[in-house]
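Before any questions on how it binds or moves, here is one chain, the form predicted alone, in structure tokens.
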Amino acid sequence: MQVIRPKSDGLSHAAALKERIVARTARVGVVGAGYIGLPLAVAQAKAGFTVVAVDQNPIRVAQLNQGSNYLRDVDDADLATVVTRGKLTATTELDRIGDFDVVIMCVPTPVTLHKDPDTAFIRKIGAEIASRLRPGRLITLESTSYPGVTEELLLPILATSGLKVGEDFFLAFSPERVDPGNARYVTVNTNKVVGGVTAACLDVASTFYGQTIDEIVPVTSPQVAELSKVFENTFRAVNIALVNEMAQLCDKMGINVWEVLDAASTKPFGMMRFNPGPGVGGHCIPLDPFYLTWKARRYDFHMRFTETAAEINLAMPWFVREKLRRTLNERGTPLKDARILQIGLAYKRDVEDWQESPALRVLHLLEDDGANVEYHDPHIPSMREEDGRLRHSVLLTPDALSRATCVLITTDHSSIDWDFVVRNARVVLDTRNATHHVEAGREKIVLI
């Protein structure tokens, strides 16, 4: 295939693209308008770029084009402003990819049932880009996967265009570092790691991200950037597993794990606090260690420490079920047919996301044992499960609390009046230490 490679005014493709980026005339496409893509798209639009969000969900696209927000981490006024000014639009049409100077891939990267990386979305969008790729384009991947995915998987797909990376087009990996619910660190003030396939790729990608993000952290390759991302989350997963294991030991010893953590946290050096809970959830912590261990096995290397940590975290919902069973047995009540009011389905405090939530796994385990479970979550008024079942949050009333055989706290949302909960409940099993400030009714509270 003959490839025509025109250059603007005698400039290299890299220099010409950088000029458009700095002048904010580069057209930006963000593929995937979820918790990664939408905050990034809004930040780019606020900076003056013309941005198109490409998403397969027509309802989400319609909301965006109306300036209607669906993410807590995006400011309503910011979104409405960039949509009104015509700086941000949305579409379901993948054909629009050919219009963009910069394409940012923010697509899902789940794991399979066997905990192997599922790269179907990367491969699909990569092929769509390759079929429309023209000289002078920057492609960045932000979706987390195994170290090597950019150069081993995405680059060969893009190379089918006949264009040469580092000369005709530019490819980089820049991991998302979104922390849902964190009002202090958002897109623009969270350091951005960038790894380019070539020096020119790194230069162009760093120039682009540097227009909207306070500090760019360039690294020598996409693989370094990819590994830095999975290490960040594996670090958290391992430490959460350690404290979850400590919680189980304290349960056997009859010691309050929260008191242990409070005491240990008074040390002014060499101590970083992590808290136990019903497990881990969200888009990153439950998945990223498996990207790492899968990649390691390709080198005949087994990350036993990481694999053990993942097993501990995955087992926590079963520990919560057993703790609840014992709590009821001590009060002469079987778990079967017990009325359980579960507070919280979100995977962490003050977010509306129940993806990979351990709270939902706990709910299923309790129902499998014959318990009647209702949930209350102010951030999730209703949710539809994969099997089509629709659940609705119940009101947190004195009657609902008192009727429950046990109130189970699996997410410690800050808007909930925990004094009210304890005052009206018969017994409370608290997996998050949400009730630590409650004084009256301490005899009703059982901690994880």
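Residue indices: 1-based, along the sequence shown. Quantities reported herein were computed from a predicted structural model and do not represent experimental measurements.
We do not show the form predicted in complex with a small molecule, though everything after this point is about it.
Check your understanding: Counting only heavy atoms and a 4.5 Å cutoff, which of 217-225, 298-306, 276-284, 194-202 contacts the small molecule in the predicted complex?
Key -> Of the stretches listed, the one contacting the partner is 276-284.
Review point. Heavy atoms within 4.5 Å of the small molecule in the predicted complex: does Asn233 have any?
Key: Flag for Asn233 set to yes.
Point to revise | Contact label in the predicted complex: Tyr146 to the small molecule, heavy atom within 4.5 Å | key: Contact check for Tyr146: no, nothing within 4.5 Å of the small molecule in the predicted complex.
Point to revise | Contact label in the predicted complex: Gly166 to the small molecule, heavy atom within 4.5 Å | key: Judged by the heavy-atom cut-off of 4.5 Å, Gly166 is well away from the small molecule in the predicted complex.
Review point. Taking 4.5 angstroms as the cut-off for heavy atoms, does Pro180 touch the small molecule in the predicted complex?
Key: Close contact exists here: in the predicted complex, Pro180 approaches the small molecule to within 4.5 Å, heavy atoms only.
**Study point:** Selected contact from His376, Arg321, Arg137, Lys229, since only one has a non-hydrogen atom within 4.5 angstroms of the small molecule in the predicted complex
**Key:** None of the others qualify; the residue that does is Lys229.
Check your understanding: Using a 4.5 Å cut on heavy atoms, which of Phe100, Tyr347, Tyr209, Phe290 is close to the small molecule in the predicted complex?
Key -> By the 4.5 Å criterion, the partner-contacting residue is Tyr347.
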